[in-house]
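Before any questions on binding or motion, here is one chain by itself as structure tokens, the form predicted alone.
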């Protein structure tokens, strides 16, 4: 079989398929369906210093080929994660990415300091569109991307830092470069796009939060384009995500330059989506005589 191993900021992954934050909990529910140890890694539910209840309901709406969510970073808090969830994940022999968020730059620095050395990588969520403060407020402008990245990186001694970028920006390349300048070891993208669904009978948005983050298969072409632009703007690794449902989708991102991929919404429609993607990568590479991912990574050639 083809060699799917990936080295991400010095962390070894058995394959490039990572569960995306907010779609996989902390892995235990999916492990009841299949051994999540077959995955390359898991990006945890977004963590904050203190527990959060999230936004009021309804928090999920559907569209054609997409869903909208406005969960609002509901989570049990970092201490509960360390006590109840991390021991389980450590037994699974997968890379553990702690996705973290905050209301202030000091919050980001503090949670990074608390998790330093406890997980394999920290993914800085500066791009969530569903919270009133923090989140995407830090991910819109290159200057703020650089500032929050620098503060988070200064709080870390042992753990590589991934910065998760928002697509709701003027230039994804500029923001990726700003994250690298701030000290990021890696960037991941895209987080959800901002959208709205209207209840035409009530003439009100379906989501209590009015807007929500759009994810799912329908956003993949946007995500691939942005990942390609980011890969050409930085020298650090890029993790691609957005609408991946099968191995062929994942290969688009890798050919565009991604070091690894994250799979999110597909887990809701097919609970076995990620192990199927891993198997599909093996099959495609074997059929095409590709021995390892490095042979095809970043090989996209533009027309004209």
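Positions refer to the first chain, counted from 1. Predicted, not measured: the structure shown is a model, and the values here were computed from it.
Just so it is clear, the following notes concern the form predicted together with a small molecule, a form of the same protein that is not shown.
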### Query
Would residue 45 show up as a contact with the small molecule in the predicted complex if we use heavy atoms at 4.5 Å?
yes
### Task
Using the partner position in the predicted complex, report whether residue 216 sits within 4.5 Å of the small molecule, counting heavy atoms only.
yes
### 4.5 Å heavy atom contact, residue 258 and the small molecule in the predicted complex
no
### Message
Does any part of residue 241 reach within 4.5 Å of the small molecule in the predicted complex? Heavy atoms only, please.
### Response
yes
### Message
To test your reading of this chain, name the stretch in 274-282, 259-267, 231-239, 31-39 whose heavy atoms come within 4.5 Å of the small molecule in the predicted complex.
### Response
259-267
### in the predicted complex, the one of 247, 254, 67, 49 near the small molecule [non-hydrogen atom within 4.5 angstroms]
67
### Summary
If we test each of 227, 73, 122, 148 for a heavy atom within 4.5 Å of the small molecule in the predicted complex, the one that passes is 73
